[in-house]
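Encoded as C-alpha cells, the following chain is the form predicted on its own, with no partner shown.
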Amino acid sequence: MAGKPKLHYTKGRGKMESVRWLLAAAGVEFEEEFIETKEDLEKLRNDGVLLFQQVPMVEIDGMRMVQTRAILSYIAAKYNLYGKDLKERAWIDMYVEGTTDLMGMIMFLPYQPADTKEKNLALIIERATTRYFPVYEKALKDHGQDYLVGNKLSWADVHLLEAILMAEECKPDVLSAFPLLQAFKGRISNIPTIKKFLQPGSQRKPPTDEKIVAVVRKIFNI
C-alpha cells in the first residue's frame, strides 16, 4: 500500500494551501515536511528532487510532483473530483482558473509595500464582487444545482470555497450581494471532510502574517 502523500513547503499557505484543501476534501491524510530555512530549500535543490528548482513539491504515487496546477489536477482526477467527461473538465478548469486569479491577488497582498496595500485591497474587493463572484452566482442560479459542475462535488467547488473564505478575511461581508454563494458556502463547508479541515487543529494554515512574510522572504531571497 502506498504511503501518505508528503507535502514539501513552508509553514505558510502560499501555493500549497489549495493542495491541502483538495486532499482534505478528498478525505486523504497527508504528511508535511516544512521548509523552514534557506538551507532546507537548498538541500531539496541539491538532492535533485525539484524538477524546476521550485516548490510546492508533493511526493505521491512514487512521483515527486511540482507545479501547482499539475499537482492539483492529478489529485482531482485521482479522487474523482474532475468531472465525468472533457466538457465537465473544461468547465472545472475555467472556474478554477478564475478562483486561482482571485486567490493569487489575495495571496500576494501581505508581500506588497505598506503604502500600496490599501489600494490593492480595494482592487481585490472590486474584482471579487464585480468580476469573479458574479460568475459563480450566475452559474448556481442558471442550473439550480448544489454544485458548480455536474451536480456533484468537484475541484471547482473546493477551490471556490477556499477563495470565498480568503475574500471574507479581506472583507467579512463580501458575499452580501450573493445569496446563492452564501448558501453554497454553508453547504460545502458542511461536507464532512471539509468540515473537519475547517476545525481548529487541522492542517489548514492561518492567514499570512508578518512573521510568515519574514520567513518566506528569507528562504526565497525576496
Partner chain sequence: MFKYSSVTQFSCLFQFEEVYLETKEQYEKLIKDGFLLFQQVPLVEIDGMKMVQTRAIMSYIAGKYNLYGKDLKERALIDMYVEGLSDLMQMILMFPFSPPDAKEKNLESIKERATNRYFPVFEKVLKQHGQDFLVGNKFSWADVQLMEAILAVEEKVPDVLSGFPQLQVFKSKMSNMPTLKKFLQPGSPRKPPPDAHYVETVLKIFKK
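Numbering follows the first chain given and starts at 1. Small disclaimer: the values here were computed from a predicted structure and weren't measured.
In what follows, reference is made to the form predicted in complex with its partner chain, a form of this protein that is not presented.
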- Counting only non-hydrogen atoms, which stretch in 54-62, 185-193, 32-40, 172-180 is within 4.5 Å of its partner chain in the model of the complex? 54-62
- Message: Check Tyr147 for me: does it contact its partner chain in the model of the complex (non-hydrogen atoms, 4.5 angstroms)?
- Response: no
- Task: Give a yes or no for Lys78: in the model of the complex, does one of its heavy atoms lie within 4.5 Å of a heavy atom belonging to its partner chain?
- Result: yes
- Task: Determine whether any heavy atom of Thr130 comes within 4.5 Å of a heavy atom of its partner chain in the model of the complex, and answer yes or no.
- Result: yes
- Message: I'd like to know whether Glu137 contacts its partner chain in the model of the complex, with contact meaning heavy atoms within 4.5 angstroms.
- Response: no
- Item | Residues from 64-87 in contact with its partner chain (non-hydrogen atom within 4.5 Å) in the model of the complex | Arg64, Met65, Val66, Gln67, Arg69, Ala70, Ser73, Tyr74, Ala77, Lys78, Tyr82, Leu86, Lys87
